[in-house]
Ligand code: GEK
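In the form predicted on its own, a lone chain appears below as structure tokens.
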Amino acid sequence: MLPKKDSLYAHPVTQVSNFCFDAAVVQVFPDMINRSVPGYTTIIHAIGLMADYYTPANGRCYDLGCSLGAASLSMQAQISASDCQIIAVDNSPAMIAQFQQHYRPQPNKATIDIQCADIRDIDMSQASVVVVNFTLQFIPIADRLAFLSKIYQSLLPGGVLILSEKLCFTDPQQQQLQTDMHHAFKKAQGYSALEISQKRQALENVLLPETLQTHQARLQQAGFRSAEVWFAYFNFASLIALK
């Protein structure tokens, strides 16, 4: 069945409410994210490749802010080591309910433990791979270092964090260019100027992007020995941070 088309912001409203991952968003989320985040499908596939590379037998992976489980399912499909576990966590009951409804265990593949919880509060340990895919940007900035430090402590030596984020830029001209290119991408995916404008208003106080340099400095402060970009497309990037 084809995903339902995202038309949540297709009609003008007097007051645009803050964006949240409610039942209405869940119904259109696959279409929304693929048409809104440049390179999303490539990132999801590559997360599975990297998880396979880093996950040993009896390994444990975390997908924090899992939404409908795209990264978890990519890891499950591609991890070749035996007896592995993926813990998928999201604080949206609607997301988790939909993920649970459609999830089917796969024989001889990693199991997926789906949990509804605040990712800042869960216990983590013995992790080979942690994925935070376009999720840190929704966590209050004041909480981000503690959260990343907790992830670092949970990782085994040699473990990795895959962190994907929308970025902002200190140079105003670069910021304007990247924003314009993102809007051009969305227009090419069929979104109208009204939809782009209203979605931007909805996210304005909810999604708080930072610069690449800020992310890298914080990851180093959390303990990671290096954090480099492996994928970038306009103002979206994914980093791999090494313990």
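Everything numeric in this text was worked out from a predicted model, so none of it was measured. Note that residue numbering begins at 1 and tracks the sequence as displayed.
Omitted from view is the form predicted in complex with the ligand, to which the following refers.
By the 4.5 Å heavy atom rule, the three marked residues Ala70, Asn91 and Asn133 all count as contacting the ligand in the model of the complex.
This chain appears without its partner; in the model of the complex, the one residue of Met95, Ile87, Leu148, Leu163 with a heavy atom within 4.5 Å of the ligand is Met95. Site annotation in the model of the complex: the residue of Phe138, Phe169, Tyr103, Tyr152 reaching within 4.5 Å of the ligand with a heavy atom is Phe138. In the model of the complex, at least one heavy atom of Asp118 sits within 4.5 Å of a heavy atom of the ligand. The ligand is not drawn, but in the model of the complex it has a heavy atom within 4.5 Å of Phe21. Residue contact check for Gly65: one or more of its heavy atoms lie within 4.5 Å of the ligand in the model of the complex. Residue contact check for Phe29: one or more of its heavy atoms lie within 4.5 Å of the ligand in the model of the complex. You can rule out all but one of 38-46, 210-218, 175-183, 190-198: in the model of the complex, only 38-46 has residues with a heavy atom within 4.5 Å of the ligand.
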